[in-house]
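One chain comes next, on its own, written as structure tokens: the form predicted on its own.
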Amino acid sequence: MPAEAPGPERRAVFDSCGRLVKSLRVSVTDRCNLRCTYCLPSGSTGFRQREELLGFDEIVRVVRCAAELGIDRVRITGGEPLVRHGVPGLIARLKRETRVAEVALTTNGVLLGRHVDALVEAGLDRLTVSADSLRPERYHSITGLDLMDDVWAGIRRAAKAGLRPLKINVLVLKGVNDDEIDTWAELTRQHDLVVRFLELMPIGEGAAGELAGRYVNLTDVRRRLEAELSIEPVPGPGGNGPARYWRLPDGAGVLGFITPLSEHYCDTCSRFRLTATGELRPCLAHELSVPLTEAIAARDDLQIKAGFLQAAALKPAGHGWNEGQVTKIRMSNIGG
């Protein structure tokens, strides 16, 4: 069983490998308004019904328990979180009713423009937008919908409202959008944006088939950009994510690289995931989970906390993706 180290105000939880658990990603839905080819291909079914999802009161209770165990950063995810009504209100409650230091949101940006003011008023600390292309026709091809203008309108509104640092996640796919890497880099020369490139992970439908051939080694990409564009390593923006950061010599923004396969960061992982149906998952790669639904329904804070300790004991040292492991569950079911 992982050790609990006493602190001046709250305990800290270490997993079985001695890593301090600091971050919780909370999925509020497994549904999404896009149909990205690598995540929810067109025709995907089997979504959870509303009554199966945790209510906001229940989410607040779990986060409050997590905060009392030293977890101080929460990120709201999905699916697409903004398709669920009332998410800004949930963020406001997490800020007001729990002891977490930071609440962040990851969104595809389609609905961002209409929610920016409410998110700012709620006290949102950080925002990440997923946008895999700068070309409208390619964005349409990847996501299934012609909504890129809506995404960038939302990004501009968020920037104007002062939501900084403003992160944009780009999943790089061989033969799909890998020819846009330099264009994204140039965007950070001109604008105060944090553009983060992500490697494709073997997760979800098609992970062992066609998608496997779309992987791009981003460590190689980063080395090329060091040689050709003279990018230099810099400290990243706040947070506890896995990205490593570089900047063009005269760049207003920065580039991030998230490399779960080419440069592992499992030894620094401090993250758990709470699914929309109340399962606590200690690792993205392994189909391990601790069900919290009964403890949540019983409003039993001690049992909820015991679930976190159990998950910490189950957290593995790392993934086996480089050895052929495939995680078959959808990312939208795990919690982005």
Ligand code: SAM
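Note that residue numbering follows the sequence shown and begins at 1. This structure is a prediction, so every number in the text was calculated from the model and none was measured.
Heads up, the form predicted in complex with ligand SAM isn't pictured, but that's what we're talking about next.
Segments offered: 150 to 158, 91 to 99, 249 to 257, 105 to 113. Contacting ligand SAM in the predicted complex at heavy atom distances within 4.5 Å is 105 to 113.
For the candidate set 200, 225, 243, 187, a heavy atom within 4.5 Å of ligand SAM in the predicted complex is found for exactly one residue, namely 200. At the 4.5 Å threshold, heavy atoms of residue 133 stay clear of ligand SAM in the predicted complex, well away from it. Ligand SAM in the predicted complex comes within 4.5 Å of no heavy atom belonging to residue 47. Although the partner is absent here, residue 77 is a contact residue: one of its heavy atoms lies within 4.5 angstroms of ligand SAM in the predicted complex. The closest heavy atom approach of residue 171 to ligand SAM in the predicted complex falls within 4.5 Å. Three-residue candidate spot 66, 278 and 307; no residue lies within 4.5 angstroms of ligand SAM in the predicted complex by any non-hydrogen atom. Within 4.5 angstroms of ligand SAM in the predicted complex, the stretch 308 to 336 places a non-hydrogen atom from each of 331, 336, taken in sequence order.
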